[in-house]
Structure formats: C-alpha cells, structure tokens
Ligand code: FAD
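Single chain ahead, by itself, as structure tokens, in the form predicted on its own.
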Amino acid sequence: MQTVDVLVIGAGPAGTVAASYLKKQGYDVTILEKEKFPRFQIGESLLPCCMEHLTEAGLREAIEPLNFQKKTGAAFMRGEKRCEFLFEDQFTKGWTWTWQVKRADFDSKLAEATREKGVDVHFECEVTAVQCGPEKQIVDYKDAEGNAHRIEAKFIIDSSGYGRVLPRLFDLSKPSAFTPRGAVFSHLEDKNRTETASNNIFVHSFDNNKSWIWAIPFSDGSTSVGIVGDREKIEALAENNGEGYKAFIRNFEDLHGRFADSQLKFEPRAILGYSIGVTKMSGEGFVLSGNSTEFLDPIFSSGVTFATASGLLSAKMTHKHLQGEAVDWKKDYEEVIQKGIDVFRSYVSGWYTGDFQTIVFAKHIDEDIKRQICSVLAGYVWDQTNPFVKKHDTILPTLAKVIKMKEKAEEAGQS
C-alpha cells in the first residue's frame, strides 16, 4: 500500500495550489483526479486576488507563457446603461489585472507545473471510499482500467470541486438558500469584437435582474458566452441542442448583433442547480477546499479565487498540523474562508434583488464608493478596512435605498 504525507483529491486550481505549496515545504504529496485532462470547465474569468495565491504557490510563472487574455476590469450593462470597473482604480492595494482563461488549458498547465515540482498526479482515478482517523487516513480508489488501489495518508485535502467527494461520502452537503438557477453556455467566434471589449468580461443584466449574460473574451479571438437564469428558463434554452440559446444570443438587443453570425465552437452545454454548501469544512484527518466547500453563483467570477484562496490556506494549516502545532480549524480556516464567502453572498443577493444595479447604474456614483466596490470585484473580500467588505450585509441595500429616494426626489423636483 502506498503511503504519503498528504493526499489531495482533485487537480483543479484548489488542489494544485495546495499540493504545490506543501511540496515546497518538503512533504510527499499525491493528487488523485477523477477526470482526464485537458477537460472543459467553466469559471473562465479570474479575479486579481488569485494572482497572489498562484504566485505564493509558485505556479503563476508557469501560466504566463500561455498568453491568456489579460483582464483589467469588468463591465456591467443593462439596456443603454453601462458601468465599467478598472482594477487599477480600486481601494485595496493589490493586483490590478488577471487573466481570462480557457480552463482546459489553464488547469492542465497548473497540473503539469505541479507534477514538475515533484507531486505525483494521477488522472482518471476515482475515490470510492475514505476512512479517517487521528493519525492516518485510508483512501480506496479505482484507476482508468477499473483496478482497485489503496493509499494511506497522514492528511487529506479534498479539492474535488463539483465532484464533492468527501461531502458526498460523509454526508456533509447542505442546500443553498439561493433560488435554484442554471447556466447554458458555449464558445463562439467573435469577429465583431471591439478593442474595448477585448479586455474585460461583459455582464448584461435583463429580465428584471433575474437573468444575465456573460461574455468572456479569449486571446484566440473566441469568446465564452453564457446565459444564467432560473432553472426552468435555462432548461428551455438548452433544449434541442441549445436552439433557444443560439437564437437568444444572436438576437439579444443589448449585444447589438455582436454574435449574430458567429459560429459555435461546440454545442451549448448546461449546468443546473450549482449552488450548494456544507455543514462543516474540516474534520478528523481532512479539510475541504474550493467548490468542495461552497459554491454561490457565477455572477462575480469568485469561484477560482475561492479555490486558490482556500487551497493555499488549507495547505498552510495542514503544514502546521503535520508539524505538531495546534490548529484551530474552525477559527483559523473555516471562519476565515466563510467570511469571504459571506461577503460575496451579500453581493450575489444584491445582484438578484437589484440593489447592486441601483448603485452602479445610478446617475451619479461616488468615486470612493466605486473604488471600494471595485476591490470586492477584484476578490479582496478579506480586507476589513474596506467599508464595502466590513459592512457587506447591510451596505448595499442601505445605499440602494438612499439612491432611490434621492433620484425620486430629483424627479419630483423636475416635474
């Protein structure tokens, strides 16, 4: 039976960041990944904050030669209204740019770079059973040929993403409080792209804030285009090989014919009911990271940043644990990650209630407020000096209410 110091489940951003960091500390680390890479994945628009995590794990340099599309901000649109945030003009001092990536290439390169650091990475290996204890963890898995294997580890980091291996095996999942939603998406040729549009993700809100479209430009001239809405709407758009999706993006008025004659790179795909949480993020002999913890909603592109943030922090806590230091997993890990999740939860809620749009599409938006919101959109959701982080649960609805009252008073004064 193979024995290792740390077993990481999943070779996505959370798993590779965790494994690479621990390898730098001198541990024997193995990754088991269920899929064969390269594989398609959504979550293509990164946030600047994750560049810090990739750098600390020693992985950013491996990504740079791929020449992904540089992302300098994000633009939100609704009808004729538009608000663009530029990361160079934000409240928190940090990275001012990141990338928009095809995840098949991005994740494959992360896994390759992690393997080059000396981490054993095994693809097409499905974890079937896990036994946890105070000193050793026993994991059973099957390889691509169906052969059974067993591996012993001192500790497990579950970074299995949507596979949610340990939440599934240990019955840790809990339903999300959000309305069940879904997304239907594809990659399209983007011949009508403008120079401005080539830099940033564009988000188009419609259907009274219940639905939205993303457009994520790539460096090869193609663009990821997705529609998010309630489950029934997405199911209808995805029917008949996505005929409804194709018609919608080609005729959606706010896109001004950008994709009217674009060819799809692959048939539309759909994902439904993606929002989910967990009852706890750690337990005897294991910790969860990435989407194995909680996934909220794709609206603010927070998925990869939470993956790299939790992957890095889980690795640091595991290092302390294996060094014999006392680790308060609840306080030092779960509560830290939960704080970031809760900030974005408030913004996701604010998007669907319309409070976020009321603020960013206001006739006059205070530049300091815009910079503070921009830092949240850049992923710096742990900066407690930012009022839009510290007071996240009340500041959006309160400010939106004030703006509505002020604009109503202005309209009354003009009549």
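Everything numeric in this text was worked out from a predicted model, so none of it was measured. Note that residue numbering follows the sequence shown and begins at 1.
What comes next is about the form predicted in complex with the named molecule, which is not displayed.
Stretch-level contact check against the named molecule in the predicted complex with heavy atoms at 4.5 Å: of 254-262, 336-344, 75-83, 99-107, the positive one is 99-107.
Remark: Q41 counts among the residues lining the named molecule in the predicted complex, judged by a heavy atom distance of 4.5 Å or less. In the predicted complex, no heavy atom of K370 sits within 4.5 Å of the named molecule.
At the 4.5 Å threshold, heavy atoms of E126 reach the named molecule in the predicted complex. Among residues of the shown chain, C132 is not one whose heavy atoms approach the named molecule to within 4.5 Å in the predicted complex.
Candidate site formed by A57, V278 and W329: none of these residues places a non-hydrogen atom within 4.5 angstroms of the named molecule in the predicted complex. Only one of the listed residues (I216, L312, A153, A113) places a non-hydrogen atom within 4.5 angstroms of the named molecule in the predicted complex, and that residue is I216. Contact annotation: of the candidates F206, Y162, F170, F178, the single residue with a non-hydrogen atom within 4.5 angstroms of the named molecule in the predicted complex is Y162.
Residues from 20-53 that approach the named molecule in the predicted complex with a non-hydrogen atom closer than or equal to 4.5 Å are L32, E33, K34, E35, F37, R39, Q41, I42, G43, E44, S45, in the order they occur in the chain.
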